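Here's a solo chain for you in structure tokens, the form predicted alone.
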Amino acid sequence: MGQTITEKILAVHTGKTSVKPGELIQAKLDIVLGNDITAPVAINEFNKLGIDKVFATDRIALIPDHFTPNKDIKSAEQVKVLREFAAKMGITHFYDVGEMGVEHALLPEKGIVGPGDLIIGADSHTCTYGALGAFSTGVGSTDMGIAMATGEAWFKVPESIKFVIKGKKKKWVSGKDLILYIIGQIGVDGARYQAMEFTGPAIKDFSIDERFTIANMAIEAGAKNGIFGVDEVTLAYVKGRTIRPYQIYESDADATYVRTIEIDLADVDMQVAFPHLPENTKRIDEAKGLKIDQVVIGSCTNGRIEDLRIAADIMKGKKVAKGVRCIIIPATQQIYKQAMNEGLFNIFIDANAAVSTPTCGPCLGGHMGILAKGERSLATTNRNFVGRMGSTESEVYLASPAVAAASAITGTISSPEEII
């Protein structure tokens, strides 16, 4: 019987020829990731083991991105734990302010992750790297601590759902709209502990940045991981970038899926997820006119160069509406520099938007854009739970960079077509 990409990667890392859904396995890891919120807990668990070295100094990544630059004493202490541990253990992939980027944009950019890898991270959006044909998933800090010592983790092999994407994208419809549409269709628990495998003839029309966005939000459907097959788009991205040899896996024609869902892009319009769940999606026409107080364009979901270019194209020569705060956050230093050199910052600043150094910041209600009681934000981030961006009496709406940029200009949730 054939196997899916997910099953093949897990089998290889377990030393088996095959695995099956529901099987419990112990697998060797390629990369272990933590950030300034989760890694200090993992380091504490590691220290309890009484050992003096990690399993591999070049297979651990510590990225202080959630509250950096440090917003207060507590966040400074958190990062200090990472900084001292990285120095003590000789960890290669520790990136501080000035080098730091939002973790799920930084690791692919630096070639730390690649096709065929098995990656865990003490952050739920670690599933992002499935865009490269890797198995990547979020774990708890205790699992991370043990993994830093052993280089291994246990898994239950997930069932797979096959999403067959066909048709042609409408103008302004992006990967963010597709994944919001899917989550709206199946719900936030519609893929619980399952692999979401994205395939079909239309996948070739989605850029690598869009694929990162789609894989990133697999967790918002409850998935264990999201994953794409490797194609020319993937290979163009990883060429000359990955720092380790990689392996390409493909799903067999007779692989078993718990279900197959076909999606015609003709049915997918620009989407807006209403509070307080990513599944509360509506077509842009059903959201138009809602007044907003803040727009955030950035995060591990939509802070890449393509996202910023789309926003700049829409905002060029225009001004952010009075009473609206528009915050632009490039996801890494490289993206920041590229956007700056392309003149995108001039467009944003001339429009009266604020441009931030890389940080997760407002996405988790950390800093750089906290909402007050009664305020409403439209964001390109991935979650809109109660209190996610500040006050429990605020609201967060999720959308693509195109919708976010247009809405910043009008002051209400808007389609780009309204201002271009």
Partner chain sequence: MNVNGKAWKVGDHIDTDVIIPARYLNTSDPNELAKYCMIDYDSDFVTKIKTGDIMVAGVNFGCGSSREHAPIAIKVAGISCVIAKTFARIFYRNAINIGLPILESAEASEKIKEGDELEIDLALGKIVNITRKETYTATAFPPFMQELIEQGGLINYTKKKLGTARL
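Not measured: the values here are computed from a predicted model. Positions refer to the first chain, counted from 1.
Another form, the form predicted in complex with its partner chain, is not on view; read the next lines as being about it.
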- Note which of Phe206, Phe155, Phe94, Tyr246 lies within 4.5 Å of its partner chain in the predicted bound form, where distance is taken over heavy atoms; exactly one does. Phe155
- Note on the structure: Heavy atom within 4.5 Å of its partner chain in the predicted bound form, from candidates Met368, Ala354, Ala56, Ile37, belongs to Ile37
- Message: Please tell me whether any heavy atom belonging to Lys48 falls inside 4.5 Å of a heavy atom of its partner chain, as the geometry stands in the predicted bound form.
- Response: yes
- Does at least one non-hydrogen atom of Gln334 fall within 4.5 angstroms of its partner chain in the predicted bound form? no
- Close approach of Thr137 to its partner chain in the predicted bound form, 4.5 Å, heavy atom: yes
- Heavy atom to heavy atom, is Lys224 within 4.5 Å of its partner chain in the predicted bound form? yes
- Answer range among 189 to 197, 210 to 218, 165 to 173, 309 to 317 for contact with its partner chain, defined in the predicted bound form as heavy atoms within 4.5 Å: 189 to 197
- Task: Pull the contact list for 128 to 151: residues with a heavy atom within 4.5 Å of its partner chain in the predicted bound form, in sequence order.
- Result: Thr137, Gly138, Val139, Gly140, Ser141, Thr142, Asp143, Ile146, Thr150
